[in-house]
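This document starts with one chain, in the form predicted alone, laid out as C-alpha cells.
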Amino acid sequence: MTHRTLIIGATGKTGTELVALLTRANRMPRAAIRNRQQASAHFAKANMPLEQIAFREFDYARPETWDAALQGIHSMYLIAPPKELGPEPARAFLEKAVERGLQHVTMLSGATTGDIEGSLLHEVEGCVQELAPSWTILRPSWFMQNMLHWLGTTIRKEGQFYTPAGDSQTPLIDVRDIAEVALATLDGSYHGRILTLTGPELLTYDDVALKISIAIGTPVRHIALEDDEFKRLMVENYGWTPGAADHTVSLFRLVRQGKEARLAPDVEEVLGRAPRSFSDFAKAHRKAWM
C-alpha cells in the first residue's frame, strides 16, 4: 500500500495519535520528521509497527526537504511552522504541495488564537483556505494531556500545580478525540468546515485538581498565581525559558477573558459519540501523578 497521507508534526501529541490510527486502519501514513532515529524510538516506545510508517525528513526552515515528503501525497495533516518563522513557510510549502497533486489539508489550529487576526494560526488558516483544493480546520481547546507533560509536571513531587488561569473555565479535550476527528476529515468529507473541538464540560483548574485528587486518592491543589509571579516561578524554579513563560501567560490571559468558555457539538457530530471526559482521563492516567 502506498503512503498517501502526510503527517506534519508526526511525533507531536495529536500527530502521534493520528499515525497510530492510520496504522491500525492499514493506511500506512507518511511521517514528516526531523530525526529518523529519534522518531523511530518514539514510535517504537508507543508500540507502533515501524514497518507501516514511511519516514521522511521535513523541516519548514529547509525547503530542500519538502519534495521528498510530498512525493505522491494525496492528503495532509498540517501544523503551523514555529512562531519564529512566521506563516510564510506554510504558504510556500502549501503552494508546492498543491503543485505536486495534494487534494486535501486538515489543519490543526487552536480555539484560543485561531480566530484572532494577525496570530500565526489565523494567518496559516488563511493560507490553507486560499490554497488547498479541499480543507478542514480543527480548532481544539486545551489538551487534557497538558496535565501530564506541561502544566501538571509538579503534581507527582509537590501534590500541586500552578497556573495564571484564575477561575476561568476551559473545556479540556483528549488528544485522542482530536486525532479521531482528524482521521474522519482526511477524505474531504468536511471540506470547508472549521470544527471547534471541545471536551464535554467546562472546567476550572480547581475542578481539574479535584478530579485528579479523586483519581489518585490523594489531595492535589491548584495554585492560582498572578502573571508575573507565575513567570518568575516557572523560570527560576522549573527551568522554563522567559519566552515560554511569556507565551503561556499570553494564552492564559485570553483564557481568563473567556476565550475558551464554551462547549461545541462538533466532536459528537463527527464521531457520533460524546468526547472523552476528564474524569475518565484522570483515572486512566493516575499512575503518572502517583
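Don't overthink the numbering: it's just position in the shown sequence, from 1. All values reported here derive from a predicted model rather than from experimental measurement.
Below, we refer to the form predicted in complex with a small molecule, which is not included among the displayed structures.
Although the small molecule is omitted here, in the predicted bound form none of Pro87, Phe93 and Gly126 has a heavy atom within 4.5 Å of it. Note that among 22 to 30, 44 to 52, 59 to 67, 229 to 237, the stretch whose heavy atoms approach the small molecule to within 4.5 Å in the predicted bound form is 59 to 67. Of the heavy atoms in Leu18, none are within 4.5 Å of the small molecule in the predicted bound form. In the predicted bound form, none of the heavy atoms of Val267 sits within 4.5 Å of a heavy atom of the small molecule. Heavy atoms of Pro140 reach within 4.5 Å of the small molecule in the predicted bound form, making it an interface residue. Heavy atoms of Leu121 reach within 4.5 Å of the small molecule in the predicted bound form, making it an interface residue. Pro82 is the sole member of Gly192, Pro82, Gly72, Pro219 with a non-hydrogen atom within 4.5 Å of the small molecule in the predicted bound form.
Checked against the small molecule in the predicted bound form, the residues Gln169, Asn146, Ser213, Gln160 give one hit for a heavy atom within 4.5 Å, which is Asn146.
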